[in-house]
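For reference, the chain that follows is the form predicted alone, supplied as structure tokens.
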């Protein structure tokens, strides 16, 4: 079934929302009166197309379509989700909602990207107030998963639950803010840090770069994977959080910070911050800084993915929703991988490191194992396959952002032995590498070779018979 979203306001945030929907298979209609809207959205979408697929070990769903509309009504008609991302002016938002209400479907959810307004303020005077909730994202929306989902008393539970389901299906993390408050949750933290940073610069204590270094080399790394309170729980040692509060709580009464005040943003202070920020950028353009930011986020989130922790656990869960299944009774080589090469797989030569070819073929073998029944359940019951030999031939360079696929063929399934051949291909079918892999069936209890379970042996025989009629892959290089 075709899913359609409407994007009202196509700036950096609206464009990020568009990318999230489109790259997850939704058709999107856009309304933005800015004559440069299409160009700006294309720039955001180009970044998203490069970065988001790198988070996953499986290809994302087929992209949806993008249509630019002349009116709000044209954009929202028939849409099941409407995302408003216009400037933070309440009167402008109310005017937009009046237009949305004229054409929006009664079952549609209307989300607002507002970073500060409460939903009750947005809903005031609105004909379809029960459909509107705050869905506050974080830039870049196509990579950062947090969405602050803030309803009011006017929103029925059904709307909130459905919003959570849709947001989760896009790989997002809907944080249900149960009580309305200005600026929700996250921006209140950001404002506090921003205020203190302004004071440190105003008082000549630190520069913009020194403040950023304090964050990125220290607590920022901890917060990215554990947050605030879990970090402090560890700091409390074996006695936990209560001990931490007892030890450090009295410090809160000391006049360390100026969080309840803000320095006057004089021309001198603004010019100082601007000049320091320019020096810190070291000549890099905004597009170059965006690319650096995205590459770093991808690498960090993939590391968390490997640990199945924090944002990485969310990516793993989302990936399961679109990971393809494989039919074991096939008469053609099996497509065991279809993905984008992530940035953290490349080395100092600017291409994919040789160890990652081994990972690609190892992942392909996992898919073959799953296809014949040696899946997570089989392994949990105490049996698996171990690789004992692999020969890889490197034929063409592969780079970050390239689309690759793997065709796998079963060469031998005899007793404890399983021999596979893999062909890694570029998007245009060019052969990039081959790998021949020998695996042995083992008992995870004894860590010794053993015969496969009868059902698995039968499945292997079925695939072996189907693949026996295929051409010898070692004889075909193109």
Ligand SMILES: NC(=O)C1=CN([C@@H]2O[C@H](COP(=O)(O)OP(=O)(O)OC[C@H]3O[C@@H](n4cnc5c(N)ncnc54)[C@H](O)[C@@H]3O)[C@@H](O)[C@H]2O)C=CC1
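Positions refer to the first chain, counted from 1. Remember, it's a predicted structure, so these values are computed and weren't measured experimentally.
If you look for the form predicted together with the ligand, you will not find it shown, but the lines that follow are about it.
Stretch-level contact check against the ligand in the model of the complex with heavy atoms at 4.5 Å: of 87-95, 333-341, 101-109, 367-375, the positive one is 87-95.
In summary, among the residues 123, 408, 131, 114, the only one with a non-hydrogen atom within 4.5 Å of the ligand in the model of the complex is 114. Screening 42, 412, 451, 34 for any heavy atom within 4.5 Å of the ligand in the model of the complex leaves a single hit, 34.
Residue contact check for residue 139: one or more of its heavy atoms lie within 4.5 Å of the ligand in the model of the complex.
The closest non-hydrogen atom of residue 5 lies beyond 4.5 Å of the ligand in the model of the complex. Taking the partner from the other structure, the ligand in the model of the complex has a heavy atom within 4.5 Å of a heavy atom of residue 13.
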